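Okay, so here's just one chain, in structure tokens, the form predicted on its own.
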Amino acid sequence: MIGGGQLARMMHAASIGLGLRLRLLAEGPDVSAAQVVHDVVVGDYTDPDTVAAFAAGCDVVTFDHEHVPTQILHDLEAAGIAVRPGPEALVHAQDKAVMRERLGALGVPCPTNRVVPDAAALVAFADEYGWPCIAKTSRGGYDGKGVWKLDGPEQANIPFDGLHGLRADAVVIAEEFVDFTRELSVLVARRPGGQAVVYPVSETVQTDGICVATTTPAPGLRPDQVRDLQAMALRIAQELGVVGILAVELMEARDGRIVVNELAMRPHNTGHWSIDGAVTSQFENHLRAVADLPLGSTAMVAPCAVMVNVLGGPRTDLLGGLDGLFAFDRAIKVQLYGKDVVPGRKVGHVTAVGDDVEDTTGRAWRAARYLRGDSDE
């Protein structure tokens, strides 16, 4: 496992019942997953020698992020090490320009977009398709970083100036501004031989580019819409040759269109509900897929599951908040990530399952606010 964040931590928990042993390449000795995994190597995932030495003796290499340079992954494959997802697939999550070109060729609905070399080309794009417009860096962006909403030509230099703090190999992509009513997500797990399973469609709430909550299944979708979105996600996973989890992030526009916003090829924040709300979590199915084991059921264990992220706030002792939280609702499920509490940082999440969407949503949000320290309720 390359990357020691909370996704790797939750995959470690899923690995225990499967009898899989994880070796972790971590950014530091005290990062989230390094606190719980036994076999930890601390090193730089952008250094070819470090990654090669780490991977020696591993049956398969997988990830909790998409930032390992593509050439390093090609070198691992050339050395006979299984990389899942492989670099040919993963590049579509690493490089938005590559992703947009490939999805366009497949006929997958996306926002109108164009790679723009300079501010003048960006202005020309927005003049053609309308202001405001969206500009994105093709590589290196995450959690809202590297994405800009531009209201007029006077702001056209902002994304090109912003590239200096990101990746030298990145380019700027201009996209039409989609006036969306909500964001959705579909997760697929796929094995090397092609067996694949798909999770229910989730509705996600994003604030400043960060996922803060999900409701599963997404309310208000027609059965045919659910079928088509799941089929599209399965097709993308097949066409790109994904192994493991593929998350397809979507925007539902006011005009009725549903378009692909982003792809991720790893367990994803919008699938955290599955730990407590599905028969088989996204973390277990990711490991099953990369280890080429039969995939588990994605059926829900209750009619509704709501996950709310706990972002760093007034309460610094999260463990100390559990007494009050569980006294309020013994059925709430909590995942804490072992991180120092920093304002706005993802330090955990809570999940509620139930029969009624409104009641389940209220329980999850009250629990998250209490644990964060925003409420004494």
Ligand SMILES: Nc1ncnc2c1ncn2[C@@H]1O[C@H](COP(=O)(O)OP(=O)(O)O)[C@@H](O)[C@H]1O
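Residue numbers here begin at 1 and follow the sequence given. This structure is a prediction, so every number in the text was calculated from the model and none was measured.
Note that the form predicted together with the named molecule isn't included here; everything after this is about it.
Residues with any non-hydrogen atom within 4.5 angstroms of the named molecule in the predicted bound form fall in just one of 215-223, 145-153, 114-122, 282-290: 145-153. When contacts are judged by a 4.5 Å heavy atom cut-off, Glu101 does not count as touching the named molecule in the predicted bound form. Residue contact check for Glu239: none of its heavy atoms lie within 4.5 Å of the named molecule in the predicted bound form. Contact check for Asp276: every heavy atom lies farther than 4.5 Å from the named molecule in the predicted bound form.
A residue is said to contact a partner when one of its heavy atoms sits within 4.5 Å of a partner heavy atom; Glu203 fails this definition for the named molecule in the predicted bound form, lying far away. The contact with the named molecule in the predicted bound form, taken as any heavy atom within 4.5 Å, belongs to Val178 out of Ala170, Val178, Ile158, Leu234. The single contact residue among Ile134, Leu295, Ile72, Ala253, judged by any heavy atom lying within 4.5 Å of the named molecule in the predicted bound form, is Ile134. Residues from 246-267 that approach the named molecule in the predicted bound form with a non-hydrogen atom closer than or equal to 4.5 Å are Glu249, Met251, Asn261, Glu262, in the order they occur in the chain.
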